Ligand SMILES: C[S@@+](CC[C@H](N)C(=O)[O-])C[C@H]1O[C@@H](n2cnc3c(N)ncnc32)[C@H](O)[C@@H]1O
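Let's start with one chain on its own, the form predicted on its own, as structure tokens.
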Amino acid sequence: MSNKKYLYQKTNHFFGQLASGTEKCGMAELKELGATNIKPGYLGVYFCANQRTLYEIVYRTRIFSRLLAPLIVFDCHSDKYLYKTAQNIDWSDFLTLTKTFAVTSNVADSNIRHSQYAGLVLKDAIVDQFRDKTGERPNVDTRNPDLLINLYIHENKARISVDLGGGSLHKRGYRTETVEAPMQETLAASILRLSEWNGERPLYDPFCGSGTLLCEALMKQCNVPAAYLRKKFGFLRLPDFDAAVWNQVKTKANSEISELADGLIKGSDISADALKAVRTNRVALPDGGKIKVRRIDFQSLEGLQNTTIVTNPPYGIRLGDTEDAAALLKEFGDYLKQKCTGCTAFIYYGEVSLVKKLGLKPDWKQPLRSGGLDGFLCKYELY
């Protein structure tokens, strides 16, 4: 095969998908990790990276949910043309009969109307190519494929990419237990980044749920790569994958993991199930046992001093009633005013109407979308 066959090899251009509202966080993170030519795009960010930097970004990113290496971009007005063009790619560069694959697809404002149908056409093109050449076909595994291919068609322009993480990167691997309406890990990481918490003072979450904010805080503070527990990566299937470089990146990143100071990250929740979940989830992380949690209602908490409070109070979904959520927020606002002087609070609301219910005026508010929720993060300096 010629050396530079695919689009990402010719241009070193990649694309990262992230939640709406987290673009600035994602772009800043890419810059820190060594990416160049970083530009916002539709539902994500374009960037350039060499091979080593790319592996590092996939291993360390806390903000991006997917990272894609484009193989080919083309005008696509029909399913027949999609099939024919997909067959021009030599899929044996990425797949063998012993490896599994899956296709994710997204179609908007195009002649091909249905995402699922477009994905099926691409899957058929891949399977048929193998069958024509070998008489056998590789297996599809939608849950945990070795290779995940991403198809994106917008206004009849198609892009076929390899998903470098091999699936959504918000799945860190520590969350085995959840409570209802858990926060996505990438959203929690974005909130922590926006809070600018740097470990110089304690962090506390009084509505910790299954502990996502607490676990992400530990990973950030102790420099644990976000994909530390991940078993499979999509970039391992690229034709130019370099195992030596990947091992160096991983070894170096893992050697930089530091210890968590006692008492730095704490949380509480009124739900016994939530605490059971936190205690299960934290075990997977280095020093996870040092995340301290207890079962207590926030109203019974002693006051907090010189602490960064980061939390996502239960709202409609978890409480089952917006009126209950509003009453709870008013009480929480009183607690913050009376018992948390000298603290800074960062509160994520799953719904914008709830911001006013706290009874405190935010220093700033930032819209952050996640899992179909139009949420807001607000900052409060408590004097």
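Treat the numbers as computed from the prediction; the structure is a model and nothing was measured. Numbers follow the displayed sequence, beginning with 1.
There is another form of the same protein, the form predicted in complex with this ligand; it is not shown, and what comes next is about it.
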Legend entry - Non-hydrogen atom contact A49 with this ligand in the predicted complex at 4.5 angstroms: no
Inset, instruction - Could you confirm whether I296 comes within 4.5 Å of this ligand in the predicted complex, counting heavy atoms only? - result: yes
Inset, instruction - Would you please decide whether V245 lies within 4.5 angstroms of this ligand in the predicted complex, comparing each non-hydrogen atom pair? - result: no
Inset, instruction - Classify A217 as contacting or not contacting this ligand in the predicted complex by the rule of any non-hydrogen atom within 4.5 angstroms, answering yes or no. - result: no
Inset, instruction - Assess the spot marked by V179, M183 and G209: is this ligand within 4.5 Å of a heavy atom from every one of these residues in the predicted complex? - result: yes
Inset, instruction - Name the single residue among K123, R159, K290, R175 that comes within 4.5 Å of this ligand in the predicted complex, judging by heavy atoms. - result: R175
Legend entry - in the predicted complex, the one of L328, C343, L354, A35 near this ligand [non-hydrogen atom within 4.5 angstroms]: L328
Inset, instruction - Tell me, please, which stretch of 104 to 112, 218 to 226, 262 to 270, 91 to 99 lies within 4.5 angstroms of this ligand in the predicted complex when heavy atoms are compared? - result: 262 to 270
